[in-house]
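Okay, here we've got a single chain as structure tokens, the form predicted alone, with questions on binding and movement later.
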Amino acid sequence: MDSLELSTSLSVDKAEKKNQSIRVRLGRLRDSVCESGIFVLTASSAIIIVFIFIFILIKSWNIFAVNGINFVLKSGFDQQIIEAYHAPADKPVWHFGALGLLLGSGLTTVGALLLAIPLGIGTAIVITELSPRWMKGLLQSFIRLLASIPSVIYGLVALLVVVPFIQDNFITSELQLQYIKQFQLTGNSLLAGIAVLSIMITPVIVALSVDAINAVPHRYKEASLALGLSHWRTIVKVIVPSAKSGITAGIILGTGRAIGEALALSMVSGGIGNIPNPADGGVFFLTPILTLASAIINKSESMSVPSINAALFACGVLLLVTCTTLSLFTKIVERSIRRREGLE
């Protein structure tokens, strides 16, 4: 009887070991398939991005071949589009300058960041550190809802609210007459673009900053409070610096969205490639402008002309290079911060 029980026990052990071995093999096979699938998807995405860049570069090559560096150093894009559209087929216009568009994109982005960064980080601190527990989830859901609203909705609200507000409160008849030879002051302006863009990118900064602050180990806060620091000094001196890599990533991601935004800005910024003059004082912010992304939308109806088609693709090249540079810069900054903190 004892030998029979021993034999049965050995058989059961062998079966369990065999089943365990099979489960281990299946687990390794599943992990291998998942890793291979992720690698294929990642490689496919990278290849697609490369082909998109090559396609856009080919489409715009004639513009860069004719203009060279002058494409980003000279202005007058609006007038050049008109000249190219009305030029005879045997004498096409290939000279374009996107300086006004670059400055328009840069000014709206910088202005929006100056408003959105303190507002976004401050809101994230309120949500994570100063709000009651029942309110945190509600506020986070509200912020994510704001981040998911389509840009055309922001543009429509700004067109109905922000633009009339600027026109009624900052633009007078005398001011319109003074600058009528240069441009028309209607409320569609750099200021309107900055306002709508700051509202659009703030939820992105808030959402990523909240995640970064929540990821800070709770023992950091406990140690700071135990040393006698107030709650506010703990936030400023300990929690926010510890979360700066995630906050920085959110800021750069918001910058990328701001630079690439087209629809909302085309509705409220004026759609004219002016270069605002600081010597004009407050009119600097009331000047109608045009960004790179908005130019592609506003001038797309003229893409039947080969030179205009190439010029708009050249604007796309500048946008793609800028966004790619920002993505790489995000990785570099994040890795640099992590190395300084001893996490790598």
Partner chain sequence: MVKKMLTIIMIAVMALSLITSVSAASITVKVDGKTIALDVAPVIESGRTLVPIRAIAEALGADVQWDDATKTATVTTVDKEVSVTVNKSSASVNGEAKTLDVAAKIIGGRTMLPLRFVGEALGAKVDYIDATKTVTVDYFTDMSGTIKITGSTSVQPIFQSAADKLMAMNKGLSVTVAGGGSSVGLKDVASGSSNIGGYSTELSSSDRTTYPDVVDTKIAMDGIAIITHPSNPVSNLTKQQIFDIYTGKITNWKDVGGEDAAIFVQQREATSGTNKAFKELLLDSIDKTKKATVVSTATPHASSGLILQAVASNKNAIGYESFGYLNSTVKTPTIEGVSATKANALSGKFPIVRPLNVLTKGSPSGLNARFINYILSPEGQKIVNDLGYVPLKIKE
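Positions refer to the first chain, counted from 1. Bear in mind the structure is a predicted one, so any value in this text is a computation, not a measurement.
Omitted from view is the form predicted together with its partner chain, to which the following refers.
J.: Of these, 193-201, 111-119, 254-262, 154-162, which stretch puts a heavy atom within 4.5 angstroms of its partner chain in the model of the complex?
T.: The contacting stretch is 154-162.
J.: Answer yes if any heavy atom of residue 71 is within 4.5 Å of a heavy atom of its partner chain in the model of the complex; otherwise answer no.
T.: No, residue 71 is distant from the partner.
J.: Any chance residue 85 has a heavy atom within 4.5 Å of its partner chain in the model of the complex?
T.: Contact check for residue 85: yes, within 4.5 Å of its partner chain in the model of the complex.
J.: Is residue 245 close to its partner chain in the model of the complex, meaning a heavy atom pair under 4.5 Å apart or at it?
T.: Judged by the heavy-atom cut-off of 4.5 Å, residue 245 is well away from its partner chain in the model of the complex.
J.: So, residue 298 and its partner chain: in the model of the complex, are they within 4.5 Å at any heavy atom pair?
T.: It does: once its partner chain is placed as it appears in the model of the complex, residue 298 has a heavy atom within 4.5 Å of it.
J.: Ok, 173, 148, 169, 141: which has a heavy atom sitting within 4.5 Å of its partner chain in the model of the complex?
T.: None of the others qualify; the residue that does is 173.
J.: Considering non-hydrogen atoms and a 4.5 Å limit, which listed residue (135, 99, 272, 130) is close to its partner chain in the model of the complex?
T.: Comparing distances to its partner chain in the model of the complex, the residue within 4.5 Å is 272.
J.: Pick out the residues of 180-208 whose heavy atoms come within 4.5 Å of its partner chain in the model of the complex.
T.: Heavy-atom contacts within 4.5 Å come from 180, 181, 182, 183, 184, 185, 186.
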